[in-house]
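Single chain ahead, by itself, as C-alpha cells, in the form predicted alone.
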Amino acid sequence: MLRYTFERTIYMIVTLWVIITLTFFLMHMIPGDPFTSEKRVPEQIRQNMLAKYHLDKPLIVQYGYYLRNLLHGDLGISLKYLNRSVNDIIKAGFPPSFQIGMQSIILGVSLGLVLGIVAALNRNGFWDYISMILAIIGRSVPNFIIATLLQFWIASKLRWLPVSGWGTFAHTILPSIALSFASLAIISRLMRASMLDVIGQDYIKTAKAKGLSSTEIIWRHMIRNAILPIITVLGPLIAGIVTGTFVIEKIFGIPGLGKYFVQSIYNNDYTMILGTTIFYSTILVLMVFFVDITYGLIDPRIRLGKGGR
C-alpha cells in the first residue's frame, strides 16, 4: 500500500507541474498584455510596469521567477486588482463557491443514490421511470436553464426564496438545487446500472437461499458492492462542481471565485489566471488522488494489480 500511495503521489505532482507549465506558456500566447487597455497607457509607464513584474524578461526567466515564488506558496499580486494578492482573492472568493458546491454535492449524491437504488429494485416500474426522467433532465438541460426556471417560479412567482444575492442560508438553496441536477443524474444512472449488475450475481442468489431477509440482502450485499463504482466518479465530480460554479454564481449574484477567474482572462491578468488555474487543478488532482487511495483500501485488487504492497 505504501508503494501504491507513493506512486499516486508522484503522478499527482507531475500532473500539477504539467498543468502549471502548459498554462504559463499558453497564457502568454493571448494577444496583448495586462497593461493594454482601451484607454491608451503612455509607453514609458507601460514599460515601467512590465519591468516591475518581470514581464520584460525572456519567457523562460519569467517561468523561473514564478516557480520560485510558487514553491514558497506565493501566487503573486493581481495585475488588475490593485494591492490585492491572488492568495487573498482566493481566500475571499472560494468559501461561497465551496459552500454552494458542497451543498449541491450532498443533495445530488444523496438523492441520486436513493433514486438509483429504488429504480433498480423496481425495474421498469414507476420509480424507475421517474429516476430516468430526472437523469435525462440533469444530463441534457444546462444548469443555467434550470437556475433561470427556479428563479422565475420559486423566487419570482411564488416568492418562497430570494431571487439572488448572498448572506443567508436561503440565498444558497436555489443555486445548490440548480447545481445538484448534474450529479443527481450521473449518480442515479450509475447506481441503477451497478445495482442491476449486482442483483444478478450468484452470491445474491446464495444469500436468498440461506433465508436472509430482503433488507439484509439489500444493505449488506447489494448496496455494499454496487456502491464501489460511485467512489470512482465521486472525486472528480466533487472537484468539478466545487470549482465549476461560474455561471451559477453570475446568475444568482454570488460573490464567489468564478467571477475573478473569468474576468482575469478578459483582463490578461496573468497571475490571477495562473493562481486560479493552479488552485482549481490542485483540488481536482487531490480528489482523484484520494479516490485512488480510498479505492485501493476498499478493494486490495486495485493496488496489488499495480504492483502495490
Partner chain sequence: MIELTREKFERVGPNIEESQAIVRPSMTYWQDAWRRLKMNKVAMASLVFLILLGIMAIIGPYMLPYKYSDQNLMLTNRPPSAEHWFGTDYLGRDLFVRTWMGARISLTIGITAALLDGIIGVIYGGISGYFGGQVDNVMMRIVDILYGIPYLILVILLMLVMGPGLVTIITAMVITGWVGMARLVRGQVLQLKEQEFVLAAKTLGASPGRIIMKHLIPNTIGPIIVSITFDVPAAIFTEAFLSYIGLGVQPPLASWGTLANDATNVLLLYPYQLFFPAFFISVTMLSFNLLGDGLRDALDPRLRK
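Positions refer to the first chain, counted from 1. It should be emphasised that the depicted structure is a prediction, and the values quoted were computed from it without experimental measurement.
Just so it is clear, the following notes concern the form predicted in complex with the partner chain, a form of the same protein that is not shown.
K.L.:
Going by heavy atom distances of 4.5 angstroms or less, which of Leu158, Ala170, Leu71, Ile136 would be at the interface with the partner chain in the predicted bound form?
P.N.:
Here the answer is residue option Ile136.
K.L.:
At the 4.5 Å heavy atom threshold, is Thr294 in contact with the partner chain in the predicted bound form?
P.N.:
Thr294: no, not in contact with the partner chain in the predicted bound form.
K.L.:
Using a 4.5 Å heavy atom cut-off, state whether Met287 contacts the partner chain in the predicted bound form.
P.N.:
The answer is no: Met287 has no heavy atom within 4.5 Å of the partner chain.
K.L.:
Does the partner chain come within 4.5 Å of any heavy atom of Ile251 in the predicted bound form?
P.N.:
Ile251 belongs to the contact set for the partner chain.
K.L.:
Hey, in the predicted bound form, does Thr148 get a heavy atom within 4.5 angstroms of the partner chain?
P.N.:
Yes, Thr148 lies within 4.5 Å of the partner chain in the predicted bound form.
K.L.:
Hey, with the partner chain in the predicted bound form, do Val18, Val141 and Ser281 all fall inside the 4.5 Å heavy atom range?
P.N.:
Yes: Val18, Val141 and Ser281 each sit within 4.5 Å of the partner chain in the predicted bound form.
K.L.:
Check each residue of 245-280 against the partner chain in the predicted bound form and list those with a heavy atom within 4.5 Å, in sequence order.
P.N.:
Contacts from 245-280: Phe246, Val247, Lys250, Ile251, Phe261, Val262, Ile265, Tyr266, Ile273, Thr277, Tyr280.
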